[in-house]
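Before any questions on how it binds or moves, here is one chain, the form predicted on its own, in C-alpha cells.
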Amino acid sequence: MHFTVEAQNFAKPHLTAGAIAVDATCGNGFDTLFLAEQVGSSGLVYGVDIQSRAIETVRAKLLEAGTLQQCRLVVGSHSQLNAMIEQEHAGAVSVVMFNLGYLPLGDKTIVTKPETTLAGLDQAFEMLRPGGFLSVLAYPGHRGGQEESQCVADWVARHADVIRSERFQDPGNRNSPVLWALIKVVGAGV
C-alpha cells in the first residue's frame, strides 16, 4: 500500500472545484499539488511547512504544474494553523492533510513532534466543515515517530464521538506507516 496515494484517494471525494483545503505539512509538495489540482483555479489551498526549503520546492512544483495561483504557501508550524488560515475559512475547509515525520531527502533531525501535531490536529478539526475530511499519515519507524503515532491514536480515540475514523497499517511491519482517514461528523465541534 502506498499510503500517500491512499490518503489522496480518500480525500478526493471531499474535494470539488472551488473548495478550500490545507496541506498542513507540505514536505515535497505531493499532497499540495494534488489538492491544488482538485480544487481548481476557483479553489484555495493553504500549504504549510516549517522548512523554507520545503516551501520553495513546493512553489516550484506548483509553478511548473500551473497551479500556484490557487495556493498560499506559508513557512510555519502546523501548530499555528489558526494564525495562517483566514478566519473567513474557519468551518469551511473541505480537506486537511498531515504527512508527519521529516522532509524526505532532507535533514532527518527536523521532525514533527507530538505536541505540535496535537495542536495542529485540534486547529485543523475546528477548520473543517461538517463532513470534511482529515488525513494523518504517521511514521513510527523514526526516532520519536512511535510516540507521535501513539499521540495521534489517542487524539483520534478522544474524538471518537465527533469523527468517523479508519486506520490503515501493514500488519506485518511494526514500523509501517499508519494512515488515519477521518471524517468530521455533521454538527461536531472540538
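Sequential numbering from 1, following the sequence displayed. Because the structure is predicted, anything quoted here is derived from the model rather than measured.
Omitted from view is the form predicted together with a small molecule, to which the following refers.
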query	finding
Residue stretch of 64 to 72, 46 to 54, 161 to 169, 126 to 134 approaching the small molecule in the model of the complex, non-hydrogen atom distance within 4.5 Å	46 to 54
Partner contact for Val93 in the model of the complex: the small molecule, 4.5 angstroms, heavy atom	no
Residue contact check: Ile85 to the small molecule in the model of the complex, 4.5 Å heavy atom	no
Heavy atom of Ile110 within 4.5 Å of the small molecule in the model of the complex	yes
Heavy atom of Trp155 within 4.5 Å of the small molecule in the model of the complex	no
